[in-house]
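As a starting point, one isolated chain is supplied in structure tokens, in the form predicted on its own.
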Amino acid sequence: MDLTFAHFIALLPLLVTTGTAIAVMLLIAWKRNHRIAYIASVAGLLLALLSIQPALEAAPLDVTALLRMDAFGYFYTALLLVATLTCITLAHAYLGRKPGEGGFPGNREELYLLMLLSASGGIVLVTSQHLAALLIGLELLSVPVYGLAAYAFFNRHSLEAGLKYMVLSAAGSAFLLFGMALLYAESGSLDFVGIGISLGTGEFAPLVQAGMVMILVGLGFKLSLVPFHLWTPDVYQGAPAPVAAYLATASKVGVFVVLVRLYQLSPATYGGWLDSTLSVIAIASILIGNLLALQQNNLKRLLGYSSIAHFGYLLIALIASSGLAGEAIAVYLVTYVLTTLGAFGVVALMSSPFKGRDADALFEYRGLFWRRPYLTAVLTVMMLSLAGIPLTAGFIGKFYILATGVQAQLWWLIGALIIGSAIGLFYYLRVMVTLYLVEPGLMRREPPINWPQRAGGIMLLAITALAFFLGIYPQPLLQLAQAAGL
């Protein structure tokens, strides 16, 4: 096909993001400067966000057979860019100290480059309508994360996290590729719509079922759904806090969105057999994720297990796949990303890479209110939102998932959601109570704060205000979610 000016406009968010990655790479090659690399990254991401508006005017548009640029893709592109922007700001605060003051002892600028490259892969994922684009986007999203997870190379836990994620992610990609090959062998097509036309809605051959299951296994590894979740707590704990925030938010959003598009366009999902499989995975993820989080005294591991449960909740809307499902997925992903970024952001601002490990042990947050009250306020709101307490964004997201399940009469899944939410309430409140405990002789002491940390703190306060605003007045988000329907 011939690419026109309209195609160029439609591709602007992707082009600006990749162009920013190239610009940062050239800046690093020319002269290393942490502040300049950070400013260039932030400016590029903001420009990519602004470019979504003119791109929407050219949509919907197919850019070759690989990418579908539409409101659905642009909504999640914006979410990915906002999550990446927040993680880069947190990374700047995390790495911003001078080496003699507990800063990062190695090169810092490449972290921004890797995040930008990964975000470019996420944009490809959320706009893909072809199995080849799915694989390309997934690898472009995942491969930079290998380096990000092991970025604190002097820390053996970080190296272990990078190695574990690389090995298991490669195994997931192998499953995915094999599943694609089986689907192609049966349908003779690789694009989502073409597969639908070739296979129709009749009985499916074992080859098709095996292909769909293998694709589900590959994506399940990336989303850390049960039973493909074993890498999650170790990688979250070992990776630097801003990287763990990126892995829990932007990385998973890209993978889940392409699963939504594939599930709704592929005929192999019309049969009840895949719904049953996904239902078992959803119930297991909700219950096992929450039960394992109960035992954690490490905040990053707790949030890791919590993320398993949250994507189990999201599977309820995916299985329903009608009525409010699309809107519920959009609302829940926004509220999940918002609150998870806030929670990991507190860990990032409490931590220093020079100390050997992040400040992620729960005892380190005991009495935090008396030392850093604004961080305590942020983490309190994030825990309330993750628990789904009214007047927070998390309540709106969970309400929509519940409404979708009731509308589709998925009673077993609704039961799992209620039980899982009750379990989650306990360990989220346990974190909150720890923040306000008073120990004998405890003195209020506010550590010195430099300007990168102050920028990260402002970002967290903005996230907290947004979590409250969406919990009280969610109408703007609901309108965007409705407009972004597939």
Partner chain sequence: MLPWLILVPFLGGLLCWLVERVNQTLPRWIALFAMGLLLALGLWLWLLGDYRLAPSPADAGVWAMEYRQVWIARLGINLHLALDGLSLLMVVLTGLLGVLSVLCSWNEIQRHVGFFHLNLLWILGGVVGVFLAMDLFLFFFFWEMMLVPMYFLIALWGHSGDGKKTRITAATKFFIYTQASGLLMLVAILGLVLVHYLNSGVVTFDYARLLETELTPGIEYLLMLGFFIAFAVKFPLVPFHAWLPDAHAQAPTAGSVDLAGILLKTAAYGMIRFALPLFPNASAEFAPIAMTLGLIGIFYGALLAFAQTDIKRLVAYSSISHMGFVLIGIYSGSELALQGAVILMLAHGLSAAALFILCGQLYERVHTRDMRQMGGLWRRLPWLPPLSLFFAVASLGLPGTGNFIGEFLVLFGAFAAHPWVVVIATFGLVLSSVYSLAMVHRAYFGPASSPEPLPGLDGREIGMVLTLVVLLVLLGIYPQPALDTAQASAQGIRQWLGTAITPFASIR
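Positions refer to the first chain, counted from 1. None of the values given here were measured: they were computed from a predicted structure.
Omitted here: the form predicted in complex with its partner chain. The next part is about that form.
Looking at its partner chain in the model of the complex, residues Ile418, Ala422 and Val433 each place a heavy atom within 4.5 Å of it. Put simply, Leu324 is close to its partner chain in the model of the complex: some heavy atom of it is within 4.5 Å.
Although the partner is absent from this view, Trp411 contacts its partner chain in the model of the complex, with a non-hydrogen atom inside 4.5 angstroms.
Contact check for Tyr400: a heavy atom falls within 4.5 Å of its partner chain in the model of the complex.
In the model of the complex, its partner chain stays beyond 4.5 Å of every heavy atom belonging to Thr4. Only one listed stretch (383-391, 79-87, 214-222, 114-122) carries heavy atoms within 4.5 Å of its partner chain in the model of the complex, and that stretch is 383-391.
Interface residue among Ile39, Leu437, Leu26, Leu46 relative to its partner chain in the model of the complex, by the heavy atom within 4.5 Å criterion: Leu437. Listed residues Ala361, Val406, Val193, Ala174 were compared with its partner chain in the model of the complex; Val406 is the one with a heavy atom within 4.5 Å. Along 10-43, not one residue places a heavy atom within 4.5 Å of its partner chain in the model of the complex.
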